[in-house]
Every structure is written in structure tokens, then in C-alpha cells.
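Form predicted on its own, single chain, as C-alpha cells, below.
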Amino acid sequence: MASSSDMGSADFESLSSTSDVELLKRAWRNEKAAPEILPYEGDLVERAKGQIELVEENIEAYVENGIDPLVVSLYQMDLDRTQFLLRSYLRVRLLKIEKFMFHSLKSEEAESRLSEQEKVFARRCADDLAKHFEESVLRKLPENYQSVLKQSLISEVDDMVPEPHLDTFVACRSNSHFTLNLYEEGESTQTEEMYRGDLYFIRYKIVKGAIESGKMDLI
């Protein structure tokens, strides 16, 4: 049987030193600060779940083998931290889905950012909310005002659907040196040099692509 020191030196930092935990923290921070739902980090979430299960198994084995309680507590603290990050990341996304459910379902680009489970959740929320509005309010209104998505049937757009405000200003940090166009595509061209480690306060839609590509992080 391996000693506690052997097991600790071989396996400690199984979560804390892995880059996946840092990537999960980064995904959570970006998701929390972004005004819209970001693309789902499916592979990262699955890897984090696998690591969590592995460490849980290790902790159980350590307890059964009488490993030093201090070593076990270090594992447990590291495990709790990773579980918190994963749950917080998923919770933030669910809150955004509840807020922008109709927008996410009517936009192919927005819907593509959701996992399959999130799509099911969004559809269920939208159906339940539409049914509630119809039974409690809409059926009592004139026919032209019975839409969940529009103020009236003559509206050309779904003007009752909340959408993310991409003009929101965000704080971000550059992860590399690159050139950023300060205008949306087709508007104009004015570039700015972004340097690694520098902080910026800028409209989200300007750095949207850089955030998703990993060139910049929200803070």
C-alpha cells in the first residue's frame, strides 16, 4: 500500500494545476461579464466533470486508506473550488437564457451558442411563459394585441422580445498583441493596436470577436 506522502506527491494538484480549471475560471468570468450568451464551452465542461469525478473517487480512496486528513482536506478544498466554478458558469448561462429565451430561439446564431440541454430548457421556458401570458392576459385583449412577441399584429418586428445590448461598455484585458478595428464591419475602418496585458473600456460589440477567439478576456 502506498504511503500518504507517496499518494499526495503523485496526485496532488490534480485540479489546481491543470489548465482546464483556469480555462473554466476564464469562461465563467467572460460569461458573467458579457451582455449576451457566449458559445457553450462543451468540451471544457465535460473535461471538468471528468476531473471532478476522478478527484471525488481519489478522496474516497484516501479516506478508506487512512491518508493524512490534511491531504484529504486539501483535495476537498480544491474540489469545492472547481465545483463552484462549474456550477456558477452554468447558472449564469441559465439566467441569461431565461432573460433572452425568445431571442435565443428566433435567432439561429444565438441558438447555436446553446448546448442541447440548454435549447430544451429555453424551449420549455418559452412555451410555459407563452402559455401563462395567453391564459392570464392575452386572450382577454383585442385580437391585434394577443401576440407574445409583438406589441400588435401590425408590428413588422418582434418588438416585445428582449435582446442583449451589444453597445454596452465592458472592461477587458488583451491576451496578445493584435490590431482591432474600432468600428463594426462595413461601417468604417479605424484600427487600434492592442497590447498584451493592457486594460480597455470599450463597447462590447467592438471586442465581441476578440473575446470569442480568446484574444481578449472580460474582467
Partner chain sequence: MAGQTDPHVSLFSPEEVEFMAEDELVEIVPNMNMEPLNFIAGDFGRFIPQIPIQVPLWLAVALKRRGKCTFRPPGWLSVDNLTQVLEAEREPQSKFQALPFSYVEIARLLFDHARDDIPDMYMVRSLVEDIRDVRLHKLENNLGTFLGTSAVKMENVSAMEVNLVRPFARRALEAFYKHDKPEAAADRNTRSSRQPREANDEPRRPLRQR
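Everything numeric here is computed off the predicted structure, so don't read it as measured data. Numbering follows the first chain given and starts at 1.
Below, we refer to the form predicted in complex with its partner chain, which is not included among the displayed structures.
Asks: Partner absent here, but in the model of the complex, which of 133 to 141, 107 to 115, 120 to 128, 79 to 87 has residues with a heavy atom within 4.5 Å of its partner chain?
Replies: It is the stretch 79 to 87.
Asks: Non-hydrogen atoms within 4.5 angstroms of its partner chain in the model of the complex: do 40, 45 and 154 all have one?
Replies: None of them does, since no heavy atom lies within 4.5 Å of the partner.
Asks: Is residue 177 part of the interface with its partner chain in the model of the complex - any heavy atom within 4.5 Å?
Replies: Although its partner chain is absent here, residue 177 would stay clear of it in the model of the complex, with no heavy atoms inside 4.5 Å.
Asks: Using a 4.5 angstroms cut-off on non-hydrogen atoms, would residue 70 count as touching its partner chain in the model of the complex?
Replies: Yes - in the model of the complex, heavy atoms of residue 70 and its partner chain come within 4.5 Å of each other.
Asks: Does at least one non-hydrogen atom of residue 74 fall within 4.5 angstroms of its partner chain in the model of the complex?
Replies: Yes, contact at 4.5 Å.
Asks: Consider residue 171 of the chain shown here, and say whether it contacts its partner chain in the model of the complex, taking contact as heavy atoms within 4.5 Å.
Replies: Residue-level check for residue 171: yes, a contact with its partner chain.
Asks: Can you list, in sequence order, the residues from 19 to 42 that come within 4.5 Å of its partner chain in the model of the complex, counting heavy atoms only?
Replies: Contacts from 19 to 42: 19, 21, 25, 28, 29, 32, 33.
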